[in-house]
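First, one chain by itself in structure tokens, the form predicted on its own.
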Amino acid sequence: MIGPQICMLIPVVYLFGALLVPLIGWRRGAAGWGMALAAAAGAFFFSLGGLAGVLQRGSLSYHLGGWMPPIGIEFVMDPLSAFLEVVITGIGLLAVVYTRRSVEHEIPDRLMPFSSLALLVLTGLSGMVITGDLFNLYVFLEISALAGYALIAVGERPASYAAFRYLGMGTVGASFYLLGLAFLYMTLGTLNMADLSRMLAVTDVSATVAVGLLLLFMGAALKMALFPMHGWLPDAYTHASSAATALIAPIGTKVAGYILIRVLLYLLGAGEKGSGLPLLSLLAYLGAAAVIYGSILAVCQSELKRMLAYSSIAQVGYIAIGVGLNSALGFTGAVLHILNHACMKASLFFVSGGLRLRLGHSRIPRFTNALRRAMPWSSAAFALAALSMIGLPPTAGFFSKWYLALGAIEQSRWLFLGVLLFSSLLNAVYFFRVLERMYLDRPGIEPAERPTSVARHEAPPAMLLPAVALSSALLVIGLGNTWIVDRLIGPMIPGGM
């Protein structure tokens, strides 16, 4: 029998794992990494149990110390949070598996501190999703952010500057969020999400509450890297180590998107009240701008990691559009795209790290079709994830874009439909540019211009298997999208949509 205590076990396992890693691995980093792997596997197991319990019994709630909310701290697993916990812990587990060989290659002698920091990031991300209190969400937000700054700083030479820039902008975002909490608490006297939802359902949104919500919106949007508050992301993802990027990029910004979903659609309520808020329309238009901006900038990049970083800005825009549409179809597309993009982007960054290990670089102009012979499985994993990013059926990426397009058509929001179609074309441009070099002969290149450092073997299994597993999962998710939408996403659609 799955009890409500499972709600708190996920962040607790990560937190204790992060504390034990230095104790176990202070002499041998590999031993600390083994502890991190065990903690990540345990958290994934508990998240699956929590999702099964929610599907069977409905939402689970646990009150720490027996203190009832709003005084006590409450952890809640509802369909949305349970679903996202599985996404976070699943990607986190694969990222920890990937970490060992990647960190040993790019940042030797840093495996133990890296593993501990990775678990702290996962502690914060999982806690943000599962907490039932907006202030505790802020606490977990800062835990993940502080550990994330450190992870990014341990990378290439410009990584420290990128981390400092991220620190500055992240601090601004956290300050906006905290000020927003102060306005809400000053007016309503509680920060418990269930209490806030009940109060906002029976009262009009006052000016003070509106300012508080705007500040929450700005703080979450900055953490989400939503255009035009995206400035920290390209350098952070490009110059961080491959293992750090593979952990943060797929799930970090998505959890910030969860904050917007929780505040704008659950606390305020969807339907008539939600549709009258300019924040939702603003979110949708900023998302459309992010999709176009990120896609165009991705086309211009010659470094694979930087191309994927700008692609992430565009993909965040899809989620923003789905939430901003304020409809069941748009919500379905947004939540489904959180899952799809986590798998797609993690697989792509996993492959990028493998290329850096074997080739010593990930510069697109230096790729040749020797890659498909030297690294056939890595090339295939990249190709499948890229096709899903473009949105070709039956991959998972097609179906989230399909629901977003249906949501735009349902509301006659033709601008957003045009953005979705145009962005898919741009996605095809920058991904097919890479696939062309990987798979097609280019007779115009002289033999002297071909790179001589191509290793004639695959990436190590610990780096290859997570990429292949996630790329394969994109087909499984695509083919099983009806079950996911009906059984998992359907129950979490806010009332009034």
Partner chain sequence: MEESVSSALPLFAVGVSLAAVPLILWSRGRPNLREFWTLAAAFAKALIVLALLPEVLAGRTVECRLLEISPEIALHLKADPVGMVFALVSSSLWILTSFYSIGYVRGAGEKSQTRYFASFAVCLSATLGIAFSANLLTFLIFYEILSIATYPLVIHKETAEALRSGRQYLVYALSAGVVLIAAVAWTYNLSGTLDFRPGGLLADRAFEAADLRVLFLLFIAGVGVKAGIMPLQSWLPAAMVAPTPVSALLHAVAVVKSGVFGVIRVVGFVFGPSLMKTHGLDAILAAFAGATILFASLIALRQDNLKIRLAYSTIGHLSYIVLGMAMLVPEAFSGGLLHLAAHATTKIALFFCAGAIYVNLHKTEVSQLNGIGRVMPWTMSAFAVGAMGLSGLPPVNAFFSKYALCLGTVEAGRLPALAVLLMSGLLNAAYLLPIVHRAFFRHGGRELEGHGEASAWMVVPLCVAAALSLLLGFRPNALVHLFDLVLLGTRAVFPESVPFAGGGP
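Residue numbers count along the first chain shown, from 1. If you're wondering where the values come from, they're calculated on a predicted model, not measured in any experiment.
Not pictured, yet referred to below: the form predicted in complex with the partner chain.
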*So, in the predicted bound form, is F382 in contact with the partner chain at a 4.5 angstroms heavy atom limit?*
no
_Can you tell me whether L421 touches the partner chain? I mean in the predicted bound form, with a 4.5 angstroms heavy atom cut-off._
yes
_Please tell me whether any heavy atom belonging to W402 falls inside 4.5 Å of a heavy atom of the partner chain, as the geometry stands in the predicted bound form._
yes
*asked:* Taking the partner chain as it sits in the predicted bound form, is F45 near enough to touch it, meaning that at least one heavy atom pair lies within 4.5 angstroms?
replied: no
_Whether F398, W414 and L417 jointly form a contact site for the partner chain in the predicted bound form is the question; each needs a heavy atom within 4.5 Å._
yes
_Which of 248 to 256, 313 to 321, 389 to 397, 86 to 94 sits within 4.5 Å of the partner chain in the predicted bound form, heavy atom basis_ = 389 to 397
*Would you mind picking the one in A370, V299, L406, L279 that has a heavy atom within 4.5 Å of the partner chain in the predicted bound form?*
L406
*Among A38, A52, A30, L440, which has any heavy atom within 4.5 Å of the partner chain in the predicted bound form?*
L440
*From first to last in sequence, which residues of 422 to 436 have any non-hydrogen atom within 4.5 angstroms of the partner chain in the predicted bound form?*
S424, L425, A428, F432, E436
